[in-house]
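One chain comes next, on its own, written as structure tokens: the form predicted on its own.
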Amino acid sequence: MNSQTRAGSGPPVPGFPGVVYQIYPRSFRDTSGDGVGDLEGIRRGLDHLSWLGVDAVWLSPIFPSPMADFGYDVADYCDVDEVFGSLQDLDRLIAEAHERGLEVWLDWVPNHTSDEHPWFVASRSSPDDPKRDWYLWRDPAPDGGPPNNWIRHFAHEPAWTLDEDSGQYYLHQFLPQQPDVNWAEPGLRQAMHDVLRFWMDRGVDGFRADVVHLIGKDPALPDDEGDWVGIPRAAFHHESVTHEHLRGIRAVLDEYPGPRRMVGEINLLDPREVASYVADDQLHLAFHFGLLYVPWEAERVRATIAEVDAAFAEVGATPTWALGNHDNPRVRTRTGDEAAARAAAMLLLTLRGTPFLYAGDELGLRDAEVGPGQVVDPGGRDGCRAPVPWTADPGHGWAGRPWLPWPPEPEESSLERQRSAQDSILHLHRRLLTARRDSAALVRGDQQLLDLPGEVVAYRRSDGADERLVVVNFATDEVPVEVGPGWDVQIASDGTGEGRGFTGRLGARQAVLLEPSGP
């Protein structure tokens, strides 16, 4: 057994040693009867999160919004949309989460607002308005068209909309209803900082910063060139001034005891660029989404782990991993079957770094089938946002008919059924979370990828005398694995062989967590 890569020696910079559970509020649980999940539904789910063993919960946007992009078009950063409840409901949720030892993180959207936000309404009202420069306005190009060749997300169209009254264009890298704000403007920066203070004053523990790498912009807003022409900028936008803005944001977070943490959505392909945003004076954590995008193949997964882990180790940081979220097909849908989804859970919860678990993945949910007449999302992401089934009865624990179709087989995948079956994927997640919490090697240890042949990914985690070995078979056949003697199966993705010595063979798409054999 030969070592291939060692990364992360020594203690990491302060990040988050636990596991964060992402909730898409509209799809978690409805208690009001309108078919949309709400804060009360999340509050009632806190016991599930405590039982499961996660450490923090991140709520996708709950702010007042016209919902053109389902909350990522914010009309008021300092309130709760009535569809989810009220500020008092959120206060109660935070208090009860804290009683259970759970942190609460909110989704902060710093790059853009709704076009109905009072800031933009004022900015649009006149070129002379004091808030005009809080957004990015430019004169037309000489031919009367958009000021540059940037393309927006969700459609291959210009990232500019003409305001007929003023004759200028405003920038929006997403929907026209989501104008970009101008972080070069001191008043805008101060207002955004005050938003963070508002929520931390109410007890919020952390934030997920939406596309935060976009906030710094070259004031010249130059045309894209070469291979980048025609590609939305979130895939490659990397301006050095963003680091300056992040230092200002971190200073605000550090005003409060805690620490108050922030994870950045840095949707760049190069892990070295992503890692550059993590520092003692910038972000605590930054997502790299490589494992969300690569095929479920050993070679591609191994290479991604090696590249990302090495990039973060270079800056003394640890990666932030996600195998599912509200923007991408669910892990079981991508990997193809439950066996692979179980193996993926083993991978996610044992890799060096901070795992983010998307609500419903612990149940092995698949994407819903969304018919043409049921599509509501401008980015085609409805399938992975299907409602979470809590009970096996036809209503599945929801007070009203949900806003999207149920995922396949909601009865069998419901929390009620999964909780009652000790061999379910839900119980596998719970056992993995318990094993992670109880092992210094898994929480903060070094990681060493092992050079094993075939469709196998394996790595050793170690912290002093505490050691664990993780082996994942990506093949659809049983394979032999040589890891040497002295290892017992602590957890197997299918439960096979637990508590006994490792036989040196892995079943089809099986994964195991191994611990040193006892005396």
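In this text, residue numbers run from 1 along the sequence as written. From a predicted model like this one, the values you see are computed outputs, not experimental measurements.
The same protein also has a form predicted together with a small molecule, omitted here; what follows describes it.
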item	value
Interface membership of Arg381, the small molecule in the predicted bound form, 4.5 Å heavy atom rule	yes
Partner contact for Arg332 in the predicted bound form: the small molecule, 4.5 angstroms, heavy atom	no
4.5 Å heavy atom contact, Phe174 to the small molecule in the predicted bound form	yes
Distance check, Thr354 to the small molecule in the predicted bound form, heavy atom within 4.5 Å	no
Segment assignment from 299-307, 126-134, 444-452, 206-214: heavy atom within 4.5 Å of the small molecule in the predicted bound form	206-214
One residue of Arg366, His284, His326, Arg436 in contact with the small molecule, assessed in the predicted bound form (non-hydrogen atom, 4.5 angstroms)	His326
Listed residue that, although the small molecule is not shown, lies within 4.5 Å of it in the predicted bound form (heavy atoms), from Glu265, Asp81, Asp115, Glu103	Glu265
